[in-house]
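Encoded as C-alpha cells, the following chain is the form predicted alone, with no partner shown.
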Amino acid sequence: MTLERSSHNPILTRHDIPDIPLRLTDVTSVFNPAAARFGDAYLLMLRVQSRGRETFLLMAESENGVEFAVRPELVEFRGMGDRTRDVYHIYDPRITEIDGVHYVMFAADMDDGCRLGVGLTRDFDSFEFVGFGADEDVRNGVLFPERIDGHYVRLDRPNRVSLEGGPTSGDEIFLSTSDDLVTWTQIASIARGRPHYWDERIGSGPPPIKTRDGWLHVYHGIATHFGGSNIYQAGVMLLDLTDPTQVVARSRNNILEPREMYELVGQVPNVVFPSGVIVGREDEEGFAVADSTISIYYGAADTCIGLATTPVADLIASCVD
C-alpha cells in the first residue's frame, strides 16, 4: 500500500511564506511541519529557513487541511529567553494534545549537540517554554497523546551514527518516560534500522495514533547504500497499547518514497519526511475510527511541504504486509 498524494502538492512552498523583516525575507524553504486540529481549524507549525540558513517556526491555518494561510509572525516560546545555553536553531516540531493542552516537542541545535525541547500552548496564539531535556545528543522526539502508568511517554532517536556526507543520525528508536517533560528516563529500544533495506537508519515521524489494534506509528527510514544518495522514506509500525515497548507489527516495505519532482529535487534530494498527522475521526473512547482518513504532512526534499492521505485501516494493514 502507498499513500495517496494530494493533487495540490506541494501544498506549501517558500512563495507562501510572508516576509517578516528583519528575520525572514524571501525565504529559502519551508518543510517538516507539525500538525494539529484546534476547533474547526487545521493547523501546521512550519519549519522555515532563511537565506542565512537560520530556522524559525511559523503557524499556518486552514479550513480544509489543504489550502493554508501562513501567519505573518514568528512562534516565540515565552520563557525560552531565560535559558543558560546558546540555541542556534529550533526545528522539526511535533504537536501532541494531552488533556486539552497542546505540547510542542522540537529539536534544538546547541554547542554540545542536539537536544529536545518542549513548549505548550492552549490557544495557538501564545506559547510557553517548558524546558530542555538533559539527554545525550538526541532528535526525533514525539509525545504519546496520553500518559501511560501515570508518566509522560515519548519516542526518541539518539544520534550515534555519522552519515557519510551528512549529519549525525541514528539507527534505533527508544521509548522514554518522564514526570515533568524535562527529566527523561530511557526505558527500552523498540526498533532498529534494517541493514541493506529501505530503513537502515530510522527515526520517529508524527506522534503515535491510538487504534484498537495498537499505537500506530509512522516513522522515517533512510536507505544509505545507494552511493552518495541517502533516500528518506516513510514506514509504519504498531506498538502494543499497554506496553508500547513491544512492536506488534512493522511494515516490510515503505509506504511513501520520493517519486515526484518536488521530492526528488531540492536542498536535500530524495526526501519524504513525515512529521505531522491529523486523524479524521475518533470514537468516544479516543480510538481512531478504522474507516476514517489519516492526513500525513511531510517535508519534501527539505524544500517544501506535501500532503498524503490513507484510511486508518489501510495503514494498519500495511504493518503486516
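Just so we're clear, the structure is a prediction, and the values are computed from it rather than from any experiment. All residue numbers refer to positions in the sequence shown, first residue = 1. We call the rigid core whatever largest set of C-alpha positions still superposes within 1.5 Å between the two forms.
FYI, the form predicted together with a small molecule isn't displayed, but the following is about it.
Worksheet item: Which one of these stretches, 266-274, 34-42, 289-297, 55-63, sits within 4.5 Å of the small molecule in the predicted bound form when only heavy atoms are counted?
Response: It is the stretch 266-274.
Practice prompt. Spell it out for me: taking the small molecule in the predicted bound form, does every residue among Arg139, Tyr232 and Asp302 have a heavy atom no farther than 4.5 Å from it?
Written response: Heavy-atom distance to the small molecule in the predicted bound form: all three under 4.5 Å.
Discussion item. Considering non-hydrogen atoms and a 4.5 Å limit, does the small molecule approach Tyr91 in the predicted bound form?
Written reply: Although the small molecule is absent here, Tyr91 would touch it in the predicted bound form, with heavy atoms inside 4.5 Å.
Fill in: Yes/no, Gly150 Cα shift of 2 Å or more between this form and the one not shown with rigid core fixed
It does not reach a 2 Å shift.
Worksheet item: Hey, does Gly100 budge by 2 Å or more at the Cα between this form and the one not shown once the core is superposed?
Response: Stays below the 2 Å threshold, so no.
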